[in-house]
Structures are given as structure tokens and as C-alpha cells.
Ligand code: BG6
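Read the single chain below, which is given as C-alpha cells and is the form predicted alone.
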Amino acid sequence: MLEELNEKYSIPGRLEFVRGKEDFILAELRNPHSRCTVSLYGAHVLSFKPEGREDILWMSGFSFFEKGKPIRGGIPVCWPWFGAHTSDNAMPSHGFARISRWNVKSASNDDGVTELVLSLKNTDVNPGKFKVEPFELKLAVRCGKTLEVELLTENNGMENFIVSEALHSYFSVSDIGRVSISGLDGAAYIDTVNGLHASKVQSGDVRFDSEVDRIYSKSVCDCIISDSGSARRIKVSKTGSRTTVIWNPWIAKAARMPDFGNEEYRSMVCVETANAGTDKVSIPPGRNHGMKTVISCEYD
């Protein structure tokens, strides 16, 4: 399979398929501006490095690389539901897209941007376990001066398709105690820490001194992650999304997760581009819906 992928889609000096951990097939995208790594399992962006800089994305050193289990870190694709399944606790958290093997649809390089498009169809997943309407899900990764990740849902069935979704982006930071996130001042959110689901309103920047798990509904703003320890600011822009999720597990939850190191909470934060909760998307038959995040970085 690796040889076939490279024969059909590789671009000399710009895109190549390689074997990663546990024989996962990875796409390596590179150009004069940046480098990016994408796993075909889960259509999962693992890394984005601007030229001469450290990785903007965060990966756990304890992540599973096993079929049937999600990868911890990078940008998981949560789809077609976000969080727990609404009616079946046996279903995987955050849907099946992130634990499915995706197919390569196209690859290109133009004007300093290297693009890889992956595809997942209803015929690619277990029909006995995941009963969904006919669909095609596409993920386009564009690596250049910025990282663009676009998720497109096409409803090929005869019924409305209700989707909740997220590009569950993990960002690398120097120390979570030295991080602030701007752009959400005055926004209403649901605080889900300890399952309380309390309604609150953001006052000022988001800062961290305990577990944070917040769902900001009706949120279309850009967010800026300011990290004084690394003297950089990560900008997270988006389209087609009305939910922003902010997450850091802190001490107790990090210790409970087998694929997350006890101290790793200090080096990461999630700012997720999503449509979740009351912002679910209804897609009519024959129509589609796109959601995109654009990630860039400025340095002092």
C-alpha cells in the first residue's frame, strides 16, 4: 500500500508517504514555509512546524498508536458526534472518524502550499456498528505559511443528517500557568468540569490554575493563545464553526488517563473549532457543510 500511495500521489520534495509508529501510514508534507505530518488513520494531523521553529501542535508521549483507539494530541477529527453518544454509551467518545482508516483523494502543491485531501465514506466504516446515512467526509490539510484544516460533510442520503463535530486541536505551550487566551471576553459558555454543566460568562482572557473544560456556544471569533514562556502567539481562526471548546485536564484528570502523562497537562492546551451542543449542524439531502480552522503563529 505504501508503494502504491507514493507512486500515485507523492510529489518530489513536497509530499511523501512513510511508515510511522506501529506501521501507521503517515503523509509528510513540506515546503519552504513549513512541515506537516498527517496520519491516514483518523485523518489526524500530528505535527505542524513553521520553518526553523518548534512544533505548534502538541503530542502526548503516552499516546496509543493502536487501531480502534484514538491518537492523543495533534488535531483529532471528532465526527459525527462530539463527546459521548447521545443514546448509546457503548459508542466511542467523539465519534468514529478519528478511529477509522481514511483514503487519499488527492495531493497537490501550488504557490508555496502543499495540500493533501483525505476521504471517508459510509462504506468505509462498520455498517453493523455505525448506522448512519450515506455520506462522504473529506479532510483537506493545507500546509504553507499557515496550517489550514478543512472538514467537509456531504449528505448523500435521503434524510437530514444531524452532525456535531470538532477539530480537537492540541497546542504546545511552555507552561500552562504562563498562558492566556484572548478573543472570548463576554462570551457565554458551559462549564463541564465535574459534570456540572454550569452556565457562565467569560470575563477577560482565559487563564489556567485548575481544570478547564468549557464549551462556548455561538462563538465565531478568532482566539489568540499568548505564551509568555515561548514568546509566541498562536492565532486560531475559523469558518463554518459556531462553537469554541477550551480544555486542559489539569492534575487529577491527567493522572486518570492512560494515554496522557501525569505532568503533560503543563505543556498543552486545546482550542477547538467545533459545532457542538446547541450548535449542531443539520445538512439536507444532497447538500454539504464545511468547517475550517486556520492556525498561524507570531513570534517576539
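Just so it is clear, the structure is predicted and the values come from calculations on it, not from any experiment. We number the residues from 1 along the sequence you see.
The form predicted together with 6-O-phosphono-beta-D-glucopyranose (BG6) exists for this protein as well; it is not shown, and the discussion that follows is about that form.
Q: Taking heavy atoms only, is Phe82 within 4.5 angstroms of 6-O-phosphono-beta-D-glucopyranose (BG6) in the predicted bound form?
A: Phe82: contacts 6-O-phosphono-beta-D-glucopyranose (BG6) in the predicted bound form.
Q: Is Trp247 near 6-O-phosphono-beta-D-glucopyranose (BG6)? Define near as a heavy atom within 4.5 Å, in the predicted bound form.
A: Trp247 belongs to the contact set for 6-O-phosphono-beta-D-glucopyranose (BG6).
Q: Given that 6-O-phosphono-beta-D-glucopyranose (BG6) is not shown alongside this chain, does Arg142 nevertheless sit within 4.5 Å of it in the predicted bound form, heavy atom to heavy atom?
A: Outside the cut-off, so no.
Q: Please run the contact check for Lys49 against 6-O-phosphono-beta-D-glucopyranose (BG6) in the predicted bound form: heavy atoms, 4.5 angstroms, yes or no?
A: Outside the cut-off, so no.
Q: Identify, from the list Asp213, Glu154, Glu115, Asp227, the residue with a heavy atom within 4.5 Å of 6-O-phosphono-beta-D-glucopyranose (BG6) in the predicted bound form.
A: For this set of options, the contacting one is Asp213.
Q: Answer with one of Ser93, Ser180, Asn160, Asn103: the residue that has a non-hydrogen atom within 4.5 Å of 6-O-phosphono-beta-D-glucopyranose (BG6) in the predicted bound form.
A: Contact with 6-O-phosphono-beta-D-glucopyranose (BG6) in the predicted bound form is made by Ser93 alone.
Q: Where, among 202 to 210, 116 to 124, 167 to 175, 132 to 140, do residues come within 4.5 Å of 6-O-phosphono-beta-D-glucopyranose (BG6) in the predicted bound form by heavy atom distance?
A: This holds for exactly one stretch, 167 to 175.
Q: Does the trio Arg98, Lys253 and Glu272 actually contact 6-O-phosphono-beta-D-glucopyranose (BG6) in the predicted bound form, every residue with a heavy atom within 4.5 Å?
A: Verified in the predicted bound form; spot residues all in contact, yes.
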